[in-house]
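A single chain comes next, written as structure tokens; it is the form predicted on its own.
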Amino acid sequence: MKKMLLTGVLLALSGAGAVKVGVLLPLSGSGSVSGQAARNGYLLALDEINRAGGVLGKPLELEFADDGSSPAKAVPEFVKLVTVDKVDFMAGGVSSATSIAISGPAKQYGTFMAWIGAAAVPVEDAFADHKYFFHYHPWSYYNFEAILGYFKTLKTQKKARNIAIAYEDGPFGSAGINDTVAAFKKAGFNVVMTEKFKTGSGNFGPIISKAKAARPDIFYWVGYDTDALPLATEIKQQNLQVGLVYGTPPSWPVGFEKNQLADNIAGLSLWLPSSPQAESRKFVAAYRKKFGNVTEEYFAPLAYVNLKTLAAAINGAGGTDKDKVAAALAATNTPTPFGPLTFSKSNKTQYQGFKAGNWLHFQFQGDSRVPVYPIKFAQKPMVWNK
């Protein structure tokens, strides 16, 4: 009996039989700002989960893998997590391109996916028939719904009529561009320019020249954090005069707010440290205690919510049976730093978390990101440069 008890203790201490969650993130490459922010969010959640007793009575284990912001690297890393490391569940996922690349293996192995990013509609298409796909981040049409609502306000308040669009050539920027243009026109805007660029190229001279000639009220760009600084530099050098420069990268370059080139550039975020929800204040305090600072990247709290809710669902299911965990996760109704989280159907997938109403709009003002819309969250008036 003593030997059996000792064996049981050793198993518990070693974590043998513990639930393992694989986390695929862009820890390097063009999406690394989002990936590193998400990694911190997962580590914070892991600490809290294990301090509270872990999952199914054992410490939860995470296996991180770097997709390198590259579909070619994402596939072997994903397959290794599932087949060699034998993780029970998969979390993470920031890039649309890498998520599309792994959709085949994910369906082949029947992998349970609790996914935080990958907003492009082709990702939704790729996972539409996968019954274990839970998507936390709003799809791109929810993002655009929020942006269009804000731009309609600018149309009323600032007489904004003309929009110039620059978009990256991957799924994130290109997949819905025709629908974007059509929706702007339907809302009464004149789309005076649509130009594609290669993300990370840094070559924005010709695009800004065309925008300058088109004389837009709003310059709207869709790309990644690596594009923000060269684009802002070119706008400054060519003295592009617009009412508002508005960008939608998943994350912004580290320290971008400290650069004068960032002044008055606006963007979209699911969350800022100043978000008023009680759960946001708790997250900020816990993050500051663990890391000694506070991030402004929403992928950190998004990853935090992702792992906490997945762990709660596994505990609620009483085991790792995927159907039971899916049922438990589908029943989620919990406060988060972004507001309440529940899952409901999107256009094509069964389990969609956050939607258009969770977005807020901010502007870089005075070395920080200042919420400017919706009005109930605004801390300062928006600066309109025309």
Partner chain sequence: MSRAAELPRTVTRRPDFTGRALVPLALFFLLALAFPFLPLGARAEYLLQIAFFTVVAGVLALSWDILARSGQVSLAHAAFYGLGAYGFALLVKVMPWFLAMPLAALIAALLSLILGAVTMRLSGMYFAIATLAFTEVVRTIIQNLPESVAGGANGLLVPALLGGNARAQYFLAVAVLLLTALVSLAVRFTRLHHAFAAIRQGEETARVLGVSIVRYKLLAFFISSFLAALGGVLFAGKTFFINPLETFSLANSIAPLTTSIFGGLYTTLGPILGATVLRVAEEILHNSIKNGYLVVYGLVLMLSILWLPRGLMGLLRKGKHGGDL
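Residue numbers count along the first chain shown, from 1. All values reported here derive from a predicted model rather than from experimental measurement.
Another form exists, predicted together with its partner chain; not displayed. Remarks below refer to it.
Chemist: Only one of 287 to 295, 81 to 89, 241 to 249, 205 to 213 gets a heavy atom within 4.5 Å of its partner chain in the predicted bound form; which is it?
Modeler: Heavy-atom contact with the partner occurs in 81 to 89.
Chemist: Name the single residue among Leu272, Ala97, Val191, Ala262 that comes within 4.5 Å of its partner chain in the predicted bound form, judging by heavy atoms.
Modeler: That would be Ala97.
Chemist: Pick from Ile147, Ala175, Leu154, Ile235: which residue has any heavy atom within 4.5 angstroms of its partner chain in the predicted bound form?
Modeler: Residue within 4.5 Å of the partner: Ala175.
Chemist: How about Asp66 - does it come within 4.5 Å of its partner chain in the predicted bound form, if we only consider non-hydrogen atoms?
Modeler: Heavy-atom contact with its partner chain at 4.5 Å: present for Asp66.
Chemist: Just checking whether Ala72 would be counted as a contact of its partner chain in the predicted bound form - the rule being heavy atoms within 4.5 angstroms.
Modeler: Ala72: contacts its partner chain in the predicted bound form.
Chemist: Wondering, does Asn347 line up within 4.5 Å of its partner chain in the predicted bound form on heavy atoms?
Modeler: Outside the cut-off, so no.
Chemist: Does its partner chain come within 4.5 Å of any heavy atom of Thr320 in the predicted bound form?
Modeler: Thr320: no contact with its partner chain in the predicted bound form.
Chemist: Taking its partner chain as it sits in the predicted bound form, which residues of 80 to 116 have a non-hydrogen atom within 4.5 Å of it? Please list them.
Modeler: Lys80, Thr83, Val84, Ala97, Ile100, Ala101, Ser103, Gly104, Pro105, Gln108, Tyr109, in sequence order.
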